[in-house]
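Before any questions on how it binds or moves, here is one chain, the form predicted on its own, in structure tokens.
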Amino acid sequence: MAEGTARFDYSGKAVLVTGGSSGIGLAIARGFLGAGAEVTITGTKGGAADYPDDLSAFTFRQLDMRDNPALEALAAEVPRLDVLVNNAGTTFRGAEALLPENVEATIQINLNAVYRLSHALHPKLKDSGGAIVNIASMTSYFGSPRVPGYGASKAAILQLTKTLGALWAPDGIRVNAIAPGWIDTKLTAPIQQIEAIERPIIERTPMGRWGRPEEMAGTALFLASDQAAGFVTGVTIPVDGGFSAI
């Protein structure tokens, strides 16, 4: 059973994790799987076998988050749903991050697709009294001069979480988010190789280290649980080793 999942029982629950083929998404997907859920993950490659990790325990769906018809089709094909984890995201680095077309692409994947998929799955989540867990970021709170599209999209996720939490509460759907701190993933690997960037991150983090993807799973399972978090909606929880505390 995955770390942090022992006290949760998701037997018989259907969970969809976008971008669940690696990193934080895969760790969260494994957490729900370990708690008994039936878990569907999405990824951009053609099939589960195209990834280095063993994804055979999951139902895999190829999905390009820029493809609006594909998002709508996935929502239509999902027979039922109890939990939606909007994890899929992207960013650009260096000068590429400043190009308007890349800012727009980042916002499409990290924000627009999140709303479109959530909206399309609203009827099924309403039927189940389900929950949505969005993935925000430290850039939801702090400026991100190196990645303006990423920062803008993740700040908007925080606001979208509040808004949908309030809007859909009468439908029995709870909407919350996790704001990971600096987590050791493929997305942050380039930063970890640059001492001038990496050192201040560690020095600023009271726990003095990078977080692990699996350390996000317990918070996701808590937020999605009607028993543990049944009166929690519209909130974003930092899981950041204390980075946002100082």
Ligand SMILES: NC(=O)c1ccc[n+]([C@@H]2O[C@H](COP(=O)([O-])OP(=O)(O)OC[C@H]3O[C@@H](n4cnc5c(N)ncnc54)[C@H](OP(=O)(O)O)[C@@H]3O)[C@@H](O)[C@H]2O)c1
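In this text the structure is predicted, and so the values were computed from the model without any measurement. Numbering starts at 1 and follows the sequence shown.
The next section is about a form of this same protein that is not shown, the form predicted together with the ligand.
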Assert contact_stretch over 122-130, 163-171, 150-158, 94-102 against the ligand in the predicted complex, heavy atom within 4.5 Å, equals 150-158
Which one of I135, V175, V83, L117 is close to the ligand in the predicted complex, taking close to mean a heavy atom within 4.5 Å? I135
Tell me, which of L187, M207, A70, A57 has a heavy atom within 4.5 angstroms of the ligand in the predicted complex? L187
Just to confirm, L221 within 4.5 Å of the ligand in the predicted complex by heavy atoms? no
Is it the case that P238, even though its partner is missing from this view, gets within 4.5 Å of the ligand in the predicted complex, heavy atoms only? no
I'd like to check something about E198: if you look in the predicted complex, is any of its heavy atoms closer than or equal to 4.5 Å to a heavy atom of the ligand? no
Do S225 and the ligand come within 4.5 Å of each other in the predicted complex, heavy atoms counted? no
Does anything in 43-78 come within 4.5 Å of the ligand in the predicted complex by heavy atoms, and if so which residues, in order? G43, T44, K45, Y51, L63, D64, M65, R66
